[in-house]
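Starting off, we have a lone chain in the form predicted alone, written out as structure tokens.
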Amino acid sequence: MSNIRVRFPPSPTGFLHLGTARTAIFNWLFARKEKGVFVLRIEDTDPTRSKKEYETAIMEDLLWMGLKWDEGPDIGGSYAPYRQSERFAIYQEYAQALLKENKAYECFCSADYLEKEREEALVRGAIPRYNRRCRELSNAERVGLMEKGIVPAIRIKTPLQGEIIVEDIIRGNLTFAYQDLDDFIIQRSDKTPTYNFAVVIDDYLMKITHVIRGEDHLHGNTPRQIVVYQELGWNTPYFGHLPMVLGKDKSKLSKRHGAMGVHEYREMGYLPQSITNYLALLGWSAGDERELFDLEELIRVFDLSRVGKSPAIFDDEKLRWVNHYHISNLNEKEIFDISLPYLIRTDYQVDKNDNRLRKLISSIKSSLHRLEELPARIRFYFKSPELFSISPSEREVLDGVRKDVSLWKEDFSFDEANNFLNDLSQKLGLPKKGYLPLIRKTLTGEEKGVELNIIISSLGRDKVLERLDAILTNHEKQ
């Protein structure tokens, strides 16, 4: 095993979104390709928004996608705990160390003062930055403010001159000027850590070697985190910033582009291999024309150097296409087992040992783009159609069909049903369009759908006779 260690650190303030899941798959693929370690860390420092149900849902979605972690809050590891809310004492220790070394200072500025300062900067057309008002307070001034009951936050002392160079493994070297940063807060007055402080402590103590995350972290977070690394005297990990995922209109990806949480895609009947396959295509290519992979193939071909710099465009139609491919490649048992929940939640009475149903589902899998489409597609199998009126000539056709069906064995293949339908033309003296639509409507109540030979074979002799008799009996009563 290599010494490569990556992490996926979701905040449990909502469900796992598609764009965030893309970050997880890239980290996981990199770790697996390099035989490294994939760490799951829960960043739950916001007690008002973090919820256990979201943490559970995120973990379930990751496991559903096949992204099993090597260390995490549920299984532990050498660098536990893996929830930030359980690590506050650690952050406070390092904040105090920076204070003692004069690399950080206490800030007594009120929220109202900071907001007023921000508004004035905006009026001037300047970027709002803290004016370092408390950076050089004397001990007497500090004591006086504390005696007034003001509880300070802690800010880091950002160097006033020079620049930061980020060696980004995806984007190349990037430069940031210290003068564009302020002395940002590392510990709030309630002693909770800020994101840019806690994440550095965790990444260092957990020996994270590569920080692979979205481009949205690049300007706001990465240079500030490097300041923390420098002030603590630690080496930085390798950084790699993934391209943003945008909608077709080039705006930030959202539900209006069709993008939803992973759990919603699960509900709709997208396969885990479809989601991981499609996510891998958002900003990465295998270097050839291939676009369809299972998870093991992705591990073999994944190369971080093939991640692009340009934004990736989310295309829900392409996701449907990828899902259609993976559904079509399921074997009979796989498609049956994975379809059962969608049938059961539709209130269909499903027999798990029903071989006809198993063959029916397998026979139409290549027409599905999402598993949620299946119940409506095979409704005829569970529900008898509504009765409708037929003409005398239509009765003659159905009488002829019934006569032949009554001679069948109970079970017959799709091919046998197809031969029967073809032979009816000569027996009835009609072209196919003169009887096939009528038979379909009689058996399903629909004008189109699953191929008629598959319908007949799936229903079997007795159900076909039952539905023919229902229409013929209804005609007699009129």
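What you see is a predicted model, and the numbers here were worked out from it, not measured in a lab. Throughout, we count residues from 1 along the sequence that is shown.
From this point on, the text means the form predicted in complex with the RNA, which you will not see here.
> Picking from 392-400, 70-78, 364-372, 350-358, which part of the chain touches the RNA in the predicted bound form when contact means heavy atoms within 4.5 Å?
Among the candidates, contact is made by 364-372.
> Quick one: H326, L424 and R467 and the RNA in the predicted bound form, is every residue within 4.5 Å by at least one heavy atom?
The answer is no: none of the three residues contacts the partner (heavy atom, 4.5 Å cut-off).
> Of K252, R132, K383, R345, which one comes within 4.5 Å of the RNA in the predicted bound form, counting heavy atoms only?
Contact check passes for K252.
> So which of E117, D168, D315, E106 reaches within 4.5 angstroms of the RNA in the predicted bound form, heavy atom to heavy atom?
Answer to the contact question: D315.
> Though only this chain appears here, would K33 touch the RNA in the predicted bound form if you measure heavy atom gaps against 4.5 Å?
Close contact is absent here: in the predicted bound form, K33 is far from the RNA, nothing within 4.5 Å, heavy atoms only.
> How about Q92 - does it come within 4.5 Å of the RNA in the predicted bound form, if we only consider non-hydrogen atoms?
Looking in the predicted bound form, residue contacts with the RNA do not include Q92, since no heavy atom lies within 4.5 Å.
> Although the RNA is absent from this view, report whether L246 comes within 4.5 Å of it in the predicted bound form, heavy atoms only.
Close contact exists here: in the predicted bound form, L246 approaches the RNA to within 4.5 Å, heavy atoms only.
> Consider A376 of the chain shown here, and say whether it contacts the RNA in the predicted bound form, taking contact as heavy atoms within 4.5 Å.
No, A376 sits far enough from the RNA in the predicted bound form that none of its heavy atoms falls within 4.5 Å.
> Within 260-283, which residues come within 4.5 Å of the RNA in the predicted bound form, counting heavy atoms only?
The stretch 260-283, when checked against the RNA in the predicted bound form, contributes L281, L282, G283 at the 4.5 Å heavy-atom cut-off.
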